[in-house]
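As a starting point, one isolated chain is supplied in structure tokens, in the form predicted on its own.
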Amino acid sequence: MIIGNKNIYFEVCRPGTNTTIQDSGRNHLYHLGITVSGAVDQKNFKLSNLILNNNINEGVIEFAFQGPLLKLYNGKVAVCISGEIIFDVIRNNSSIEKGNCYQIYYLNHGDQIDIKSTKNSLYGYLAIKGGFNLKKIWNSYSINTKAGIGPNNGKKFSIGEKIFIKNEFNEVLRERQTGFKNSREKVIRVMKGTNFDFFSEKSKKIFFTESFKITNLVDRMGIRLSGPELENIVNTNIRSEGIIKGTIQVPADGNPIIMLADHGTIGGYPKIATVISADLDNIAQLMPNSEVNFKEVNLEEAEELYKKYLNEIDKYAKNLNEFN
């Protein structure tokens, strides 16, 4: 359910292909069969809020491929878009300004923001100064459309809907620079899965030496890969076990599936590996038809790489504070 100040809102003039509200996700509910959800690309989600000097976990609009066309009514807001996005800022149906990511834009009554498409990536984020006026469900704004959980009745936004805004924006923000550049690495680092030994020695070698292609079957739940068949020599089905974001399952056809934000909490396919936390944003943003390779790391390496990932976000936050 969307609640709040009915005087200031965005009207959804075009919903885009997969437009929802996301934050860092909802935790501690796996025992109820409710996954974490949250932004697929956590770094870009957080940066959109940091640039606006918001709480880092403020709910934002996440979109995939083509984003929404939004029109503002009855107020003034400051917005920021993060990712690799092509978009325009339209001033009262007349002048059109080409948008740049990681930059603050001010919108007044009647202005529109037209998020045309992502570029060399799948997901992007629109944050608003002060945040949207939404109701948290189990301490999170995140929408999980598979389970019907979250604001907007757990659904993607549709044409004609209104997204309410907490308060009219009056403070003048300086331009803030992150120095952030998106990088798309094709080598994905993983740790061996709990069922790694279900696979033949030949398949184990193939997994770490040959390329796999990202298919068109991608969404917030997961990524299906195609490539050399991974031979299971024990059992192609197991008793259902808990899975996490980044788990790589291999069904009977031998083609891996990488679990993402809206994955199920349990799964019955053998798990050959798990993508490390530091590489989850990257793998989720790779376009269909991209080829990827997997590289094994151990637990200590994975922990150090995740610390480095978190330190990068802290560095961007520090740069913003110094600039402001």
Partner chain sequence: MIKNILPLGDAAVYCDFGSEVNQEINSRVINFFNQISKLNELKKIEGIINLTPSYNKLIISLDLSITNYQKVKDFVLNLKLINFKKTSHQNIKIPICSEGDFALDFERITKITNQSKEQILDLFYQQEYFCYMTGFVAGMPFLGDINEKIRCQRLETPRVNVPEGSVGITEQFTNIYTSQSPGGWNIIGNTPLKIFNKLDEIKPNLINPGDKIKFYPITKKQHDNWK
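These numbers were taken from a predicted model, which means no experiment stands behind them. Positions refer to the first chain, counted from 1.
Keep in mind that the form predicted in complex with its partner chain is missing from the display, and what follows is about it.
field: in the predicted bound form, the one of T194, Q103, N167, S200 near its partner chain [non-hydrogen atom within 4.5 angstroms]
entry: So the residue touching its partner chain in the predicted bound form, by this definition, is T194.
task: Consider the chain as shown here, without its partner, and state which of S240, S183, N235, N93 has a heavy atom within 4.5 Å of its partner chain in the predicted bound form.
output: Flagged contact: S240.
field: 4.5 Å heavy atom contact, N27 to its partner chain in the predicted bound form
entry: Answer yes; at least one heavy atom of N27 falls within 4.5 Å of its partner chain in the predicted bound form.
Proximity of E303 to its partner chain in the predicted bound form, heavy atoms at 4.5 Å: Answer yes; at least one heavy atom of E303 falls within 4.5 Å of its partner chain in the predicted bound form.
- prompt: Counting only non-hydrogen atoms and a 4.5 angstroms cut-off, does F208 reach its partner chain in the predicted bound form?
  reply: Looking in the predicted bound form, residue contacts with its partner chain do not include F208, since no heavy atom lies within 4.5 Å.
- prompt: Going by a heavy atom distance of 4.5 Å, is I276 a contact of its partner chain in the predicted bound form?
  reply: So I276 counts as contacting its partner chain.
field: Residue stretch of 287-295, 264-272, 64-72, 49-57 approaching its partner chain in the predicted bound form, non-hydrogen atom distance within 4.5 Å
entry: Careful reading of the contacts points to 264-272.
Interface residues of 282-297 toward its partner chain, as seen in the predicted bound form [heavy atoms, 4.5 Å]: Nothing in the stretch sits within 4.5 Å of the partner.
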